[in-house]
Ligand code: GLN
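Single chain ahead, by itself, as structure tokens, in the form predicted alone.
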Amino acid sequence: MTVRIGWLYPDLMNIYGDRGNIMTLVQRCKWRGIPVQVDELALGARLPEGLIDIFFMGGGQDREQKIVCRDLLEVKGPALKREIDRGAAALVVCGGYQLFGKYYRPFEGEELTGIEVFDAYTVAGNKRCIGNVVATSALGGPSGTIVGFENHSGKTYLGDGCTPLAMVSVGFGNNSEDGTEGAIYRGAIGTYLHGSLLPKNPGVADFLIEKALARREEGVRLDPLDDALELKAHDSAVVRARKTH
């Protein structure tokens, strides 16, 4: 069983080390002997129906978001929603997270319509949310926490159709008001955490891989890995974040 990863807009939506998430997914599959393939899905590329198990989209600047928004709406969006509803996993970060919601409303310029995977919307805030984040999450592994770095001015608000990925104890999270960070809908995760997220949070990576495998075969369980190094990096990031808070 080959896990296929669809990397959305790698040339446009890839800042703050987001490509490290792809590297982590690939390596954690290889360590378990799971064949893995990465397909780059650039502007204009249509999704191969039923073949992609995990979708990934990183963050980008406003200019890139506008370009990507049109392609999502006209080319990829309906298929992405169908695939996620049929069991595909997804990780979308920052600008990608915003475009997977209902809309992003900037201070200036036209509102960007999202593809509505998440019951969420984003509006421009009047200050930038920058810094390290520590947040409590069911996907946080032994520590029950996830860590990362955020840099966004958008404020995202969740509706009843999705649940938060985590609750922040350090940092701003979705909107610096309600304590939430990110969103989960079925096997799809949206988050503001760069840095990149998955190398320091193996529980989140394995959630995505498990969802991918479950799409092909029921009852699949991942073999455990020795995550001592990853957890050491995680714990170090937590200590640093709390010192600088």
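This is a predicted model, so every value here is computed, not measured. All residue numbers refer to positions in the sequence shown, first residue = 1.
The following text describes the form predicted together with glutamine (GLN), which does not appear among the structures shown.
_Listed range touching glutamine (GLN), judged in the model of the complex by heavy atoms within 4.5 Å, from 146-154, 130-138, 80-88, 171-179_ = In the other structure, the partner sits against 146-154.
*State the residue from H194, K200, K211, R28 whose non-hydrogen atoms include one within 4.5 Å of glutamine (GLN) in the model of the complex.*
If I apply the 4.5 Å criterion carefully, the residue I get is H194.
*Partner contact for G59 in the model of the complex: glutamine (GLN), 4.5 angstroms, heavy atom*: Close contact exists here: in the model of the complex, G59 approaches glutamine (GLN) to within 4.5 Å, heavy atoms only.
*Closest heavy atom of G95 to glutamine (GLN) in the model of the complex, within 4.5 Å or not?*
Output for G95 is yes: heavy atoms within 4.5 Å of glutamine (GLN).
_My question is simply whether L225 lines the interface with glutamine (GLN) in the model of the complex - judged by any non-hydrogen atom within 4.5 Å._
No.
*Examine I15 and determine whether its closest non-hydrogen atom to glutamine (GLN) in the model of the complex is within 4.5 angstroms.*
Yes - in the model of the complex, heavy atoms of I15 and glutamine (GLN) come within 4.5 Å of each other.
_Residues of 221-245 having any heavy atom within 4.5 Å of glutamine (GLN) in the model of the complex, listed in sequence order_ = Counting only heavy atoms within 4.5 Å of glutamine (GLN) in the model of the complex, no residue of 221-245 makes contact.
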